[in-house]
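Coming up is one lone chain in structure tokens, specifically the form predicted on its own.
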Amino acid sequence: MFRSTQRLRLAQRVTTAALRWTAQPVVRPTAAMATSGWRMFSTSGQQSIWIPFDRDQLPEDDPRRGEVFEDETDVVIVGGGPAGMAAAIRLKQLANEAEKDIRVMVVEKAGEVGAHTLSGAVLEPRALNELIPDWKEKGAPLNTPVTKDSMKLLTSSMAIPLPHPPQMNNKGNYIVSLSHFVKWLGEQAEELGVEVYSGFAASEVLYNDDGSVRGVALNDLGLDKNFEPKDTYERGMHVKAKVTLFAEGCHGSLTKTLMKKFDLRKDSDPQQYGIGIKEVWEVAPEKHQPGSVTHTVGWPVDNTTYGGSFIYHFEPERHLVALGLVIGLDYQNPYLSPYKEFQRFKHHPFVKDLLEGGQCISYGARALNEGGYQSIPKLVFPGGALIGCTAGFLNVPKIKGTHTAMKSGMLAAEAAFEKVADEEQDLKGVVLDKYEQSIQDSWVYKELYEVRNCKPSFSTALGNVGGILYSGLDTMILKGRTPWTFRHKHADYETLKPAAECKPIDYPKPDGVISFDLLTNVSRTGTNHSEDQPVHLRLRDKSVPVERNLAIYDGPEGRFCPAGVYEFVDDEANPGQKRLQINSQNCIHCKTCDIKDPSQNIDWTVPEGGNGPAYSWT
């Protein structure tokens, strides 16, 4: 149980964060705060990616060297998404059945559970059925069963029906707001005795002397933009755990450091990513088709750019439609803007007719894993494990990953319970070997193995046409039973061509009715970051954006970001030159910058807990 001082400490942090929160307007590029005042640093060696200085080198009376409050738990789970909550629920189920007093904590950076969760989303309830068989009786927000599936090839003016791939069959699935679903999972976890702490950002992995993971540190509160302590400063707590499960979602900031420290990608291909951009609309009642699911390929992207769209009709009482565009982040043209491609997509006659007379009520974007089987890293290391999308279990042809993420969390929970329930075992640096084997023996592994060649088949000289033809053959006839496995040969940041080799793309201006300027949509995310805090988007070398990215790629940062965070502006200190300005208040935590930056010069780190988007219907 919490020691009373630690309960008070967490309560004070919650109260302090709530008082500090004040709504900030979306930053217009010309009015944004310059970043020249904050410190740039390298993330090499043992340096924390969150604090760019060595605390031990500070004066002894500096509050940043103050006493660290440490709490102990059996299992701490970093991230309260589908995988994290499924792991927490399964752990407490097993503990309660065995009448074991096992403490489980979930720390979630969003201000409330579900506020940073975004997906399409069509939910396959396979893992949910295993985890909570009576979910209907418990009021799970699965309100719209899929009633109709269709697949279309878009040209600039036509929508041509295509045969529906069996992998995309949604019979028995549900169209959901994943944000609402995760919030419900959090409620189920708390009822079982899980301690869920939203508004707490884990900023650093803690290690034992032998190099094994011992827990996580929560980030400091009350630092100004130069990392100097304000009057409200409070050092982040440490959470020590026998087992630490990392469920940060796609491209987690702590997971990135674990990959490097333990060389978890040694035997896997580079992870492949996409950027998913989504809006939710209230459409005219006569146009709403509850349960209708449509996917498209083709226009607006060209044959060399991997991508596709989704249109889901759900919540019949509100006549909601979730629509979005996913573009592979291995695209080559630095002038491509995923956001503007999505806005252009909505003007296709097939889509525009649906949206006319309706109203956009929500917007969001998030990177997603697309590497599949070949890109699954080693999942375990001394003291912890990776679960869910932070490991990369998305089934790309299905366009689903929630069910696989949840199952991975459940399997990790079972392996962790077996260890922590053994009171005689020394758990320092424990390795959850059973988890990795359980994944390989599960339906998750079977699913991903069967479709392993689909995504890489789009990376040949035949482009999307070749990928569609091969994937159709593979999913309908071969069923993945081939003796070969195609490889992912490049990381996404390696694929951009120099601007001199590419043609600029002339995107139409938004009309404010069907399509919108970027900052109008960012305002629909509810994103908020306290202004006077360290910028959480860190440059390793402040000269690289201008000297390399702008010079060679014509500044792709402002185009691949779906939130208006990055822009090149005149450098007042050096007339005639440019500098990269970072409007961190706009960030919606999609992680695209950390993935696609061709110089790998941007480190996405956590801001103060509770900051970021406030998603609801996403």
Partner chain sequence: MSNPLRIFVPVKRVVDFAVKVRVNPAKTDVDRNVKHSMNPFDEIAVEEAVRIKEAKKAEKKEVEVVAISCGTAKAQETLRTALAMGADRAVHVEVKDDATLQPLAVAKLLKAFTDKEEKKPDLFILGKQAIDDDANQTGQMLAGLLNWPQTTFASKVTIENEALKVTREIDGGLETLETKIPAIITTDLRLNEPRYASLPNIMKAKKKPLVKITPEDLGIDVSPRIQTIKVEEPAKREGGRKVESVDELVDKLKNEAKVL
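On a predicted model such as this, the values are computed, not experimentally measured, just so you know. Residue numbers count along the first chain shown, from 1.
What comes next is about the form predicted in complex with the partner chain, which does not appear here.
The stretch among 267-275, 123-131, 67-75, 366-374 whose residues place heavy atoms within 4.5 Å of the partner chain in the predicted bound form is 67-75. Three-residue candidate spot 416, 427 and 537; no residue lies within 4.5 angstroms of the partner chain in the predicted bound form by any non-hydrogen atom. This chain lacks the partner; the member of 542, 180, 256, 152 within 4.5 angstroms of the partner chain in the predicted bound form by a non-hydrogen atom is 180. Just one of 528, 305, 438, 475 comes within 4.5 Å of the partner chain in the predicted bound form, counting any heavy atom, and that one is 528. At the 4.5 Å threshold, heavy atoms of residue 361 reach the partner chain in the predicted bound form. Taking non-hydrogen atoms only, residue 608 approaches the partner chain to within 4.5 angstroms in the predicted bound form.
Contact annotation: residue 204 falls outside 4.5 Å of the partner chain in the predicted bound form, judged by heavy atom distances. Using a 4.5 angstroms limit between non-hydrogen atoms, residue 393 is distant from the partner chain in the predicted bound form. Although the partner chain is not shown here, in the predicted bound form the stretch 226-256 places heavy atoms of 230, 232, 234, 237 within 4.5 Å of it, in sequence order.
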